[in-house]
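Next up: a single chain in structure tokens, the form predicted alone.
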């Protein structure tokens, strides 16, 4: 998809963070933009920001308060887009996401239901609601595209991100399926896998539904403060949107988190090496790991010698904050 002007875009999570950055950028490129979010007050502010950034008419931005895990609400939102803009979106971007860090073995059903519900199920909902409409309206007549914002966490799972990484891995796999399926209709698919984003996801726990509040993680205002300090130094949302746009324009299924894919080459190669090294003995794998650690140590020593800043191997807890990613303190089976 290369031409955006005059077409329709639908963005979930569009009231802040990555979603708002996407809404701003595609509005500036001449699209009519619908933004869906569960936070009504944030939607009002987002419309003002989009209009100011893009220089578009307020009538070209449609705010929709939607619980994206509720299929009836999502379907009603899809109907409203068609009623307002005259058709389904040419570009569907599903970016809404939540996260709460903690040991996967401390997770509750509520932790999985909440995180997987928003990060994966809402993507399924949008695809099943919108894609048939998009095919009927645009197949082999007009460009159309579906995109999702997943995460590097879907490629690099960890013990503290179980539900989130599982959901994002599912999203990545699903988008590869849609990229293949939509070819015969003249459509495309892209999955964006960012790292850290300057967004409000650190506040996600404040919006966790009351019926899913039973978490196995230690969550306080202090842990959310720590998360906010981490996300504050992430990539700018509009810059991230530009990366997504470039991938869509060039028909790429996978979009990496910055303009320099070279910077992620070693990490992505490492994922493949995990599989490639399956047939090696433990001694051979240990030798490879030792070489990697040696190379990293030499690189850091060289940076120090050249007066360059050495990357942080962790995230400092701000004054008044509390380290996130811990288990609830009353769980007696957790090793701390």
Ligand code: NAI
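Residue numbers count along the first chain shown, from 1. These numbers were taken from a predicted model, which means no experiment stands behind them.
Not pictured, yet referred to below: the form predicted in complex with this ligand.
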Report yes if any heavy atom of residue 150 sits within 4.5 Å of a heavy atom of this ligand in the predicted complex; otherwise report no.
yes
Looking at the partner-bound form in the predicted complex, is residue 228 within 4.5 Å of this ligand by any heavy atom?
no
Residue contact check: residue 98 to this ligand in the predicted complex, 4.5 Å heavy atom
yes
In the predicted complex, does residue 61 come within 4.5 Å of this ligand, counting heavy atoms only?
no
This ligand in the predicted complex: within 4.5 Å of a heavy atom of each of 78, 88 and 185?
no
Considering 125, 161, 223, 199, which brings a non-hydrogen atom within 4.5 Å of this ligand in the predicted complex?
199
Based on heavy atom distances of at most 4.5 Å to this ligand in the predicted complex, which listed stretch, 282-290, 52-60, 37-45, 269-277, is the contact stretch?
37-45
Enumerate the residues of 60-81 that have a non-hydrogen atom within 4.5 Å of this ligand in the predicted complex, in sequence order, or give none.
66, 67, 68, 69
